[in-house]
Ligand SMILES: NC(=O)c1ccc[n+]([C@@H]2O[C@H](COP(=O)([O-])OP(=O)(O)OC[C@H]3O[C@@H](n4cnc5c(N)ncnc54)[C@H](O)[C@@H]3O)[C@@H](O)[C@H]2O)c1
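There is one chain below, alone, in structure tokens, taken in the form predicted on its own.
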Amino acid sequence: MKVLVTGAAGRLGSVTVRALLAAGFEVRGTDRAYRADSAVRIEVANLLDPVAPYPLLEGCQAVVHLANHPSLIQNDSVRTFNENVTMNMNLLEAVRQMGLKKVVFASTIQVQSGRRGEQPSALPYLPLDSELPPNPGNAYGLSKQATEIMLQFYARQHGIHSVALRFPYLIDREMLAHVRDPSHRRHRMGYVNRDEAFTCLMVDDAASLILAILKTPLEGFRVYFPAVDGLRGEMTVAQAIHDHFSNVPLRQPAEEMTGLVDISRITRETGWVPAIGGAEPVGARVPGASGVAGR
């Protein structure tokens, strides 16, 4: 299978490209910036140009779409929303016209986590899972939700199978020691959006999920929330619920919960399990916070 990776020069994009190549995929990479050390040649293009996707998609059977503004652009809500949605619509319409049938899209936890710092919690239930309803708190999250609606439309009307990945804060191994530092965690508690439930994901694990999705015949449109709990020694699940989510309905008793996130549907449908944090109780996982890295 030949796959186009947009945003291939980015942190998640570069890791994804290497993972796909190692798995035997033929990869084409594009970004608006060149990267000399990329594992594939970066074809520089601007997806705001409606013509740009067509030559990039030639000969491809699937798209991994990571190329969006990763957060609000200098608090410019209008530009962030308009440009993200325009890029995504330009690409999806070219995908339709050229007959491709598989899209993996980098969405964000901010589609579901509401307004930063909102008190009390606005989460509809715990543990968090891939069925969590949308609740964007800014124009960036709104642009990703709009694209999820677009993907659902193209799946229903044109048979383009797609998965939107609501990534939490993405970290790499160089960031691991920093986010595990207790002083960083104490500082972090003051500004994170707690309705992200302190989640994170290793970039390598994000790339391995993209690979698993490409290998799996998934039909229609679906949303995945791939995340691991990030409390690491700070508190137990019961303590986290008592301190931060006391008003949130629980789908099982707190004492029976092994974490604030349930990824069982993703594992069941794709076979994916994160290499770091996926099988440990909440008190032994990597800390994370609201962020935009690779999203």
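These figures come from a predicted structure and were not determined experimentally. One-based numbering along the sequence shown.
Just so you know, the form predicted together with the named molecule exists too; it's not on screen, but the next bit is about it.
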Quick one: is residue 106 in contact with the named molecule in the model of the complex, heavy atoms, 4.5 Å cut-off? yes
Taking 4.5 angstroms as the cut-off for heavy atoms, does residue 12 touch the named molecule in the model of the complex? yes
Partner proximity in the model of the complex: residue 45 to the named molecule, non-hydrogen atom cutoff 4.5 Å: yes
Using 4.5 Å between non-hydrogen atoms, is residue 51 touching the named molecule in the model of the complex? no
Stretch in contact, per heavy atom within 4.5 angstroms of the named molecule in the model of the complex, of 222-230, 62-70, 262-270, 237-245: 62-70
Please determine whether each residue of 132, 194 and 251 possesses a non-hydrogen atom within 4.5 angstroms of the named molecule in the model of the complex. no
By the heavy atom within 4.5 Å rule, which residue out of 123, 92, 163, 170 makes contact with the named molecule in the model of the complex? 170
Listed residue (111, 87, 207, 213) with a non-hydrogen atom within 4.5 angstroms of the named molecule in the model of the complex: 87
Enumerate the residues of 19-44 that have a non-hydrogen atom within 4.5 Å of the named molecule in the model of the complex, in sequence order, or give none. 31, 32, 33
Closer or farther in the model of the complex: C-alpha pair residue 12, residue 74 (3 angstroms or more): closer
